[in-house]
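We begin with a single chain expressed as structure tokens, specifically the form predicted on its own.
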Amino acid sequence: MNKKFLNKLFEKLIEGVITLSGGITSLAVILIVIFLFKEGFGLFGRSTLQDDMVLAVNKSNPLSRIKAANVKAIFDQDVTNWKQIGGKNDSIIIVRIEDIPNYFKESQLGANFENLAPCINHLTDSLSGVILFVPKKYITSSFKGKVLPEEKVGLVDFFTGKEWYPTAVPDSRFGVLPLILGTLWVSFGAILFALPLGLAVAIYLAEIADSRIRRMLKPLIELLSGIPSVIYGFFGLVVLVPLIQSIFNLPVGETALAGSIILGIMALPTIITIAEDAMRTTPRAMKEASLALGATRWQTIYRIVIPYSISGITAAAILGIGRAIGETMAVLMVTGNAGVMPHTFLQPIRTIPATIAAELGESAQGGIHYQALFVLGCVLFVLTLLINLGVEYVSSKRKI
């Protein structure tokens, strides 16, 4: 009796530990997701200017608002006259806070720059074509210029913008569309490369190879998934990138094609393993019936095995895409990291994971750049979630 009681107590204890572990793990995942979205969505509604900075112009300037793209063009000196953006015919004079000493003597500014605010006021009033980028604290109530309204980061502009310049001065640009399309572009290329090859290997292992060859090849293929991604990236950088540059006569070999091939190789173990397991679940009776009716081996594979296991093959393809979308280091090394709209596989691109890995260490915690990278993490999370839901949906269906 005591032994039965102790066994039940032990079972309850193990059950409680397992339940507690599962609850803690689930709670940790939920908290991570909440933190991710909380940090990310603080971006929207913030000013695209650097913290505590303002843009100001002369009071005679007819422009009451300047678009963020025009501000970037002005400070890049692509626009040099106000007339080019709808203002009067007057040359644009850019003045940053560090440029103020060029207009005033040290005695006018003061030993500790205590007269900086009056000097800024005077400079704005005296130069009709001026545009100032100065700290907000120097704009006093007696300021004679015109402070331009701040551009805010909007949800639509963020997801449809085509320029990603998070550290641009004075106006940061957060257009995530090239990064999303770059991620999908290289993932699509990877699956185009990996799916036919992976499906062919899976058919060979499941239906053609004898048991001895299968026992030898299966562990070797699964072992590929354990190789660190940086090794794949190094291989791509040393071997694949120069090869692509030479074959297509390109200025650089770091392209979407290089990223697609490397990611395709990395996705192969997942596709082969899952597709082969799905094919091996085909009932033996169905294959024997097909052969008994006069079908060849290849007809049986095409007409019976593949249709029966199509849900598993589809799940393998989707999981392969998920493997490609979330990859960071290998893509960072071989795709060129150019945040531009992708139009061909022979141009450099940048993906979301590579952007986060490359820029997070350079962003100030709590800053607008930091929050923008968290939004990218949210986008990547949603993409991965949709892929996983797709796998669950496809795996729950089976054609017979």
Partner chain sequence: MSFQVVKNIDRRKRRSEKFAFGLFRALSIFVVGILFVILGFIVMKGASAISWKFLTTMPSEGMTGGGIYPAIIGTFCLIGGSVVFSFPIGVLAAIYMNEYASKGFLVSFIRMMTNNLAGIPSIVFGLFGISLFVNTLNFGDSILAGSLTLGLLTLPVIIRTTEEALKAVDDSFRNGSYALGATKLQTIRRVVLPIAYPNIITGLILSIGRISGETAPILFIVAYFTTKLPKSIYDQVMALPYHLYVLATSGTDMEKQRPIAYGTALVLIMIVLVINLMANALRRYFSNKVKMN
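Residue numbers count along the first chain shown, from 1. The model shown is predicted, which means the values in this text are computed figures rather than measured ones. Think of the rigid core as the biggest set of C-alphas that the two forms share within 1.5 Å after superposition.
The following text describes the form predicted in complex with the partner chain, which does not appear among the structures shown.
Tell me, which of Val147, Leu197, Leu127, Ile180 has a heavy atom within 4.5 angstroms of the partner chain in the predicted complex? By the 4.5 Å heavy-atom cutoff, the listed residue in contact is Leu197.
Find the only residue in Arg280, Arg297, Lys162, Lys88 having a heavy atom within 4.5 Å of the partner chain in the predicted complex. Residue within 4.5 Å of the partner: Arg297.
In the predicted complex, segment of 54 to 62, 41 to 49, 340 to 348, 366 to 374 with a heavy atom within 4.5 Å of the partner chain: Contact criterion met by 366 to 374 only.
is_contact(Leu332, the partner chain) in the predicted complex, heavy atom dist at most 4.5 Å: Leu332 belongs to the contact set for the partner chain.
Looking in the predicted complex, any heavy atom of Ala111 within 4.5 Å of the partner chain? Answer no; every heavy atom of Ala111 is more than 4.5 Å from the partner chain in the predicted complex.
Within 4.5 Å, heavy atoms only: does Tyr232 come near the partner chain in the predicted complex? Looking in the predicted complex, residue contacts with the partner chain include Tyr232, since a heavy atom lies within 4.5 Å.
Although the partner isn't part of this model, could you tell me whether Gly336 comes within 4.5 Å of the partner chain in the predicted complex, counting any heavy atom of the residue? Close contact is absent here: in the predicted complex, Gly336 is far from the partner chain, nothing within 4.5 Å, heavy atoms only.
Only counting heavy atoms and a 4.5 Å limit, does any residue of 201 to 222 reach the partner chain in the predicted complex, and if so which ones? Read in sequence order, the residues that approach the partner chain (within 4.5 Å, in the predicted complex) are Val201, Ile203, Tyr204, Ile208, Leu217, Pro219, Leu220, Ile221, Glu222.
Please say whether, between this form and the one not shown, the C-alpha of Val17 moves by 2 Å or more once the core is aligned. It does shift by 2 Å or more.
Yes/no, Ser26 Cα shift of 2 Å or more between this form and the one not shown with rigid core fixed: Shift of 2 Å or more: yes.
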